[in-house]
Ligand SMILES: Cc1cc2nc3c(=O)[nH]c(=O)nc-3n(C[C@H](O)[C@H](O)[C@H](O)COP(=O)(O)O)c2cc1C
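Single chain ahead, written as structure tokens, the form predicted on its own.
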């Protein structure tokens, strides 16, 4: 089977069918206003992704509260946002009714920006701090997640992605560092109360099996006490808890798991691999395969960090460009049971039409991500986010941002 045939093969996700194996990652764009409703620019971005032919698209992290959030202009999902979100979903589905479109629900917790919101935490990390969450606080936050899921359903979304990755509140709750003696911390049973009860409540409130529930999970956060480590004070990788987590989510109705790693505010090169260390991407395929071995065959595992493979000009040694390019290597991963779908994040900024171009035999027209990570610089600076290499407006945004806010010399600043 050619890589084209493999990548364009349909796949069942729960009772639904994605028309191919391309999955668009949740990439925040900072394009909203003080209401948190989708702007016209946001709407057009997701319509472009739909027209580009991806099998499944995740909406960027949409916050269940305005009180604690990482982005000033962040999408929000509360009762007042339901009508605008409904119109937004209608337009995306009109652009391509075959693409599955899910919402990534989030709360920023300790990485909420204190310049315009309240930073909160289940247990402070050195250098971060925040107001200590009470059990009542968490109960209210969970209510907000359930309300958000129902809004997503009413708005016409095909499902939700419960964000348990990248240092947001979901990952803060489950990591070993959350070793407080309280209802939501300490023991494994207490730390998983947050995601497990949310899954159960959402499925109970929305019994429609066509409404997909999944989760994005960081396999290893890469710092002492982070998720995927052997304990509160250890950075040593141990996948025991990540495996148990995804199995528990599966038991509670998750039909897909998006594999990821790291926490961008701490270990960004784990989350999105740096062009200077492209071989880090191979670790993501290891984690994806470990996830896949741990779940039932029908549970879809979506692998991450395929953008670094580009067109084969990726800096990887001991392998040919033909073998290591995104399309060929992505197909190899599908054919060798590494994962069931391949996720594109930064690459989706560079060229939202990659799946369509592949289907039409126009691979030579694909615009590849250069891994310059200027999109991340824009995100950190709270500016509108896009590909500064391939989109003129995004380049102009970068010039404006550097003029007004300064130049970030290191992407983790």
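Positions refer to the first chain, counted from 1. These numbers were taken from a predicted model, which means no experiment stands behind them.
This protein has a second form, the form predicted in complex with the ligand, left out of what is shown; the following refers to that one.
J.: Given that the ligand is left out here, which of 61, 56, 354, 387 has a heavy atom within 4.5 Å of it in the predicted bound form?
T.: Exactly one residue meets the criterion: 61.
J.: Exactly one residue in 287, 184, 306, 211 has a non-hydrogen atom within 4.5 Å of the ligand in the predicted bound form; which is it?
T.: It is 306.
J.: Specify the contacting stretch among 88 to 96, 311 to 319, 234 to 242, 266 to 274, defined as having any heavy atom within 4.5 Å of the ligand in the predicted bound form.
T.: One stretch meets the cut-off, namely 266 to 274.
J.: Test of understanding: in the predicted bound form, would residue 20 fall inside 4.5 Å of the ligand by heavy atoms?
T.: Residue-level check for residue 20: no, no contact with the ligand.
J.: Taking the shortest heavy atom distance, is residue 77 within 4.5 Å of the ligand in the predicted bound form?
T.: Contact with the ligand, no.
J.: Quick check on residue 229: any heavy atom within 4.5 Å of the ligand in the predicted bound form?
T.: Answer no; every heavy atom of residue 229 is more than 4.5 Å from the ligand in the predicted bound form.
J.: Just to confirm, residue 69 within 4.5 Å of the ligand in the predicted bound form by heavy atoms?
T.: Result no; residue 69 lies far from the ligand in the predicted bound form.
J.: What residues in 368 to 386 sit within 4.5 Å of the ligand in the predicted bound form, counting heavy atoms only?
T.: Heavy-atom contacts to the ligand in the predicted bound form: 375, 376, 379, 385.
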